[in-house]
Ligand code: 5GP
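Take a look at this one chain, the form predicted alone, written out in structure tokens.
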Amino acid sequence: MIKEGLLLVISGPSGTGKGTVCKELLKIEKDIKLSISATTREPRNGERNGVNYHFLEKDVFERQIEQGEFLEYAKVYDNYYGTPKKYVIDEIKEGNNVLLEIDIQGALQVKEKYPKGIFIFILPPSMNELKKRIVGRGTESEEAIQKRFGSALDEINYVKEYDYFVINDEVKEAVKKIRALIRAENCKVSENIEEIISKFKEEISC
């Protein structure tokens, strides 16, 4: 019997560096599969179907919503974004760990449908550092920066909905902590009880 893999759900406020942390984690942990989102928006230059996103027509996406084929989805402006359920569940049943890097609202939807997931919240070392990171991008107006910073304050309140938090001061250290969490989850008695008991029963009977 194949032991099921883990569903790792990583999210946090904008500017915490969760994308960078996830990329580094995937480089080191080769057995973790990244879940690719579906969207109805048009591909941008260089984007490939099935690599960056699964690009779907709007009517197809809406039909899949009705059929319950998404772990989570949202409509942003005129486009849908969502996490296809079949890929995630199939990979987990095959014993593979799957990573979702999604926003907080999406993570809460996933938690409702798959509460066995491991929900990890990425935090900045401080609010001052978070603001420096947002400003450091140099891509937004002062008004947009203030709005994003205010949203981050609100989003941090959702940390109570998660299983773990990881402070991203140094990317390598943050990744190290997440890897330790994965190892700990793999050693949970509640997730391994049948395997443990059957192993020792077999040894006694031999």
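Just count from 1 along the sequence shown to find any residue number. Bear in mind that the values here come from a model prediction, so they are computed numbers and not experimental data.
This protein has a second form, the form predicted together with the named molecule, left out of what is shown; the following refers to that one.
S.K.: Want to guess which of 67 to 75, 113 to 121, 89 to 97, 126 to 134 is within 4.5 Å of the named molecule in the model of the complex, heavy atoms only?
M.R.: This holds for exactly one stretch, 67 to 75.
S.K.: Is the named molecule close enough to 159, 164 and 177 in the model of the complex that each of the three has a heavy atom within 4.5 Å of it?
M.R.: Judged in the model of the complex, none of 159, 164 and 177 sits within 4.5 Å of the named molecule.
S.K.: Of 58, 147, 27, 44, which one comes within 4.5 Å of the named molecule in the model of the complex, counting heavy atoms only?
M.R.: Only one listed residue qualifies here, and that residue is 44.
S.K.: Might residue 37 be said to contact the named molecule in the model of the complex, defining contact as any heavy atom within 4.5 Å?
M.R.: Yes.
S.K.: Need the contact residues for 86 to 107: heavy atom within 4.5 Å of the named molecule in the model of the complex, sequence order, or none if there are none.
M.R.: Heavy-atom contacts to the named molecule in the model of the complex: 101, 102, 103, 106.
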